[in-house]
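Below you will find one chain, with nothing else, as structure tokens; this is the form predicted on its own, and questions on how it binds or moves follow later.
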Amino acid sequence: MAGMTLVEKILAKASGRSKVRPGEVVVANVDLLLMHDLSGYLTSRVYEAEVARPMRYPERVVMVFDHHFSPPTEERAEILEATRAFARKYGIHLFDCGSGNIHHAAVQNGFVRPGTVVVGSDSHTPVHGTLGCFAAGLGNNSHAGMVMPFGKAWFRVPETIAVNLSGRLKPVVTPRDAALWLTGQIGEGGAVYKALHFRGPFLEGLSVWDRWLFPLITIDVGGKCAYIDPDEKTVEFVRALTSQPFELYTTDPDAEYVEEQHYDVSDLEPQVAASPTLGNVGPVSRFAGAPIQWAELGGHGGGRLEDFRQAAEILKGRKIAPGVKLNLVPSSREVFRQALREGLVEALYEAGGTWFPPSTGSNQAINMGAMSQYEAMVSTHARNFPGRNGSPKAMMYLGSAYTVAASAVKGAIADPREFLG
């Protein structure tokens, strides 16, 4: 009989079975529940009004205030206060405003470990498969009705697609460009309820935070989860963040895939994804010259130390264009601390950027101002859907930190190779 994938092994262990196969339904023990302030409030209301049972494992629940980190109204402030009270009442972990975005805060504080079952309210929860987990998004009612009172959730074991990545990126082309391009190659809806196994020599050569950008696209191609088999880099990364024990699982050599895909990144140019969806992606030359009024380094896919370093390569000694606002949003407090130590905070401020608290950034136009129908933004965010940052007529472009910085200097979508050669 064929071997098992990493996802199958984790779900088998978590459900008390020796083996599982795609299509089977399992009830699995959950190791970590992640919620942000939006979903945390909704889940808490359902849990207290309709479930009314003791919370089985409060130590496994983490809530991060990253969407409404600066509530613009009294009503929003009261929602946060009610959610704080819920966290205190049940003894769950709460990271209040300014702690970072939900996924980075959970990782940086050592809550995400290989070999575990991680569920969350945010659609980008599969990103934690970067560390060798089974990680998937669930609805608020599932959290309230199963995870909180019983520490369990049910899943249909997904079929797995092997996504093999090879080649070497050209100068100034980044893993972010490769991930944006790959979204278009797999296609929106191209992997519905599948597990994506990202692998190959290209992935193996990346740092953990650059690998992160690939499981991040899971939901945008319709996938249930994604993962990268853990290796020495994974172990070193996790050991630096937590002393808690964990178990490594890897995919068996004879595991079965429903499909194998092969991609070579060697010929890629910098990529841009333009509204209305991530599938509208192409080389930066297709969009170059389109005016922008906003540029932002932040979001689940940005605000990493790597992003600020890349932006500084372009922005040191330069100024952003008149009429452009450059938002700088660290993904965690640790990233801001390190950016401060490396002189990046001052360098990007001198270029005209404005620093904001560690969070998910301007996503959903709650904290940092809304865009009018006449404006456009280029960012490192994970989404470019109409209306996420204000008017549904506002234009949203996604790109690498190099592309965001180059565009901020030009006041229009720009090829970063013009600045770095």
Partner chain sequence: MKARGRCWKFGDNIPTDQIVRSDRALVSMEEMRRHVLENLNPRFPKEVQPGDILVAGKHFGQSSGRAVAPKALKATGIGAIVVEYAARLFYRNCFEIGLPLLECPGITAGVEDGDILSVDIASGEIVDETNGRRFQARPVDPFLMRMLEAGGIIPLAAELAEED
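Numbering follows the first chain given and starts at 1. Every value quoted in this text rests on a predicted model; they were computed, and no experiment measured them.
Another form, the form predicted together with its partner chain, is not on view; read the next lines as being about it.
Here the marked residues Arg211, Asp252 and Gly301 all miss its partner chain in the predicted bound form; none has a heavy atom within 4.5 angstroms.
Though the partner is left out of this view, Lys19 does not reach within 4.5 Å of its partner chain in the predicted bound form, counting heavy atoms only.
At the 4.5 Å threshold, heavy atoms of Glu269 stay clear of its partner chain in the predicted bound form, well away from it. Using a 4.5 Å cutoff between non-hydrogen atoms, Leu305 does not count as a contact of its partner chain in the predicted bound form. Shown alone here, Gln338 lies farther than 4.5 Å from its partner chain in the predicted bound form, counting heavy atoms only. Stretch 215-223 is the answer when you ask which of 232-240, 168-176, 215-223, 318-326 has residues with heavy atoms within 4.5 Å of its partner chain in the predicted bound form.
Among the residues Pro72, Gly91, Pro201, Gly139, the one placing a heavy atom within 4.5 Å of its partner chain in the predicted bound form is Gly139. The listed set Gly343, Gly189, Gly205, Gly110 contains one residue whose heavy atoms approach its partner chain in the predicted bound form to within 4.5 Å, identified as Gly189. Of the residues in 370-387, those that come within 4.5 Å of its partner chain in the predicted bound form through at least one heavy atom are, in sequence order, Arg383, Phe385, Pro386, Gly387.
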